[in-house]
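Single chain ahead, by itself, as structure tokens, in the form predicted on its own.
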Amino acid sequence: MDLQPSPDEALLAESARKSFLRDCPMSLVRELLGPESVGHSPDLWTKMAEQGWLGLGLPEAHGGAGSLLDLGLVVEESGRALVPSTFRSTMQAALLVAGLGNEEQQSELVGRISSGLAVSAVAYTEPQAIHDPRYLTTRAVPGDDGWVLSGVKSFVANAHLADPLLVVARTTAGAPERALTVFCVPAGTDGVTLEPQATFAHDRQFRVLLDGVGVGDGAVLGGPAAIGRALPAVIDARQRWVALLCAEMVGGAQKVLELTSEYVIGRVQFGKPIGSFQAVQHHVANMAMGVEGSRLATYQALWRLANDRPAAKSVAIAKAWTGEAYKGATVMAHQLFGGMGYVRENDLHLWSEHAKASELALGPRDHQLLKVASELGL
């Protein structure tokens, strides 16, 4: 396994970094995180589509290109630039469609997403089932013209923009592996109510109430053969979501490291740059080791997923390590910045808030360590 980027991969990462630096400045990030914003920039979205980034890791036959590793490189740079979370939520939906959808659905949905014509999201989490699909209770029962969905989903990113919203629901009683189905719910469908949820990262997340939501048979992702059999595809997609979230955190942690290094070099105290003090150097070195370890763990997980190797353990290790490293880097950065690190005019708090939210998303450290233990047979 060679985790060093190839020349083409290095060029892709460099291109993404330059583009995000130009098209997603911190002024835009602050605007999109503001209370009056919908959290999405159509202009930035169009530019990302033109670069081909919305099709990375998706089937070439339906407008995709490149591998999951390529997508990870761009996602890493998006974390560095704090690109709005519509990118993450839409690619999560696209990967689920690519893994479960039939040819017609992939052609339509993946094609729309890769060309920048759609924003999507997955409604998976529930108040009593944050990470374990065995406890999902949202129900879908046969209706006169298809299916009727009822239940509550929580922390659904960008549900107000998603078209379609992919809803994971239980369609039959019995064993969990035979019980889950994914439905494509178009925007504006009757019976869907969205309630904004306040988050630490100030992104756009919603509680989605499904009250007798009617959808046709064509809304079943994967068609009739996938009814009650979606769990393996959902688990596979979630592993990819977690690995990509780790890549996003690596980019954010790398940026925090660079900001901190620049600050301690330029900040003079007692007639010397504070970066000349050994204690400060030790802290920055520890941050650098955490970031590099995160990068290696993350790209090992992405490599295994991209090459269809067993990846559950690698993904859990990457999430446990990277979540702690990113959060720890921001905490130390605030301390080394001193008072300047705690004023809202300083951009550092934007990465700190993102780090805490990302650490908790898709399973915090304790949850991931339990998965590692399970994979080891403990």
Partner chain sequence: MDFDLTPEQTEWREAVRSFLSRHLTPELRDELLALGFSHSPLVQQFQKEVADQGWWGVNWPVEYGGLDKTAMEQLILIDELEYAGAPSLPLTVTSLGPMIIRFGTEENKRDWLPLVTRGEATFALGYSEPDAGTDLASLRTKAELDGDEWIINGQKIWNSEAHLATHEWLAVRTDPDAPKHRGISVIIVPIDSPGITIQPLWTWGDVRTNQVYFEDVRVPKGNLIGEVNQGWYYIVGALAFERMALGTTGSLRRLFDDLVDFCGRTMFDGQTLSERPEVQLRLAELAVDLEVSQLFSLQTATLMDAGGIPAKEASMQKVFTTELRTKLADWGTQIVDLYGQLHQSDEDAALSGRLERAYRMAPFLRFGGGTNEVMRSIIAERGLGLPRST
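Nothing here was measured: the structure is a model prediction, and the numbers come from that model. Positions refer to the first chain, counted from 1.
What comes next is about the form predicted together with the partner chain, which is not displayed.
The shortest heavy atom separation between W45 and the partner chain in the model of the complex exceeds 4.5 Å. Within 4.5 Å of some heavy atom of the partner chain in the model of the complex lies at least one heavy atom of G338. Taking the partner from elsewhere, S41 is found to have every heavy atom lying beyond 4.5 Å of the partner chain in the model of the complex.
Although the partner is absent here, D190 is not a contact residue: none of its heavy atoms lies within 4.5 angstroms of the partner chain in the model of the complex. Only one segment in the set 108-116, 89-97, 125-133, 211-219 has residues whose heavy atoms sit within 4.5 Å of the partner chain in the model of the complex; it is 125-133.
Shown without its partner, this chain lists I227, V284, L259, A237 as candidates; in the model of the complex, only V284 has a non-hydrogen atom within 4.5 angstroms of the partner chain. For the candidate set V242, A297, C184, A81, a heavy atom within 4.5 Å of the partner chain in the model of the complex is found for exactly one residue, namely A297. Within 4.5 angstroms of the partner chain in the model of the complex, the stretch 327-344 places a non-hydrogen atom from each of K327, T330, V331, H334, Q335, G338, G339, M340, Y342, V343, R344, taken in sequence order.
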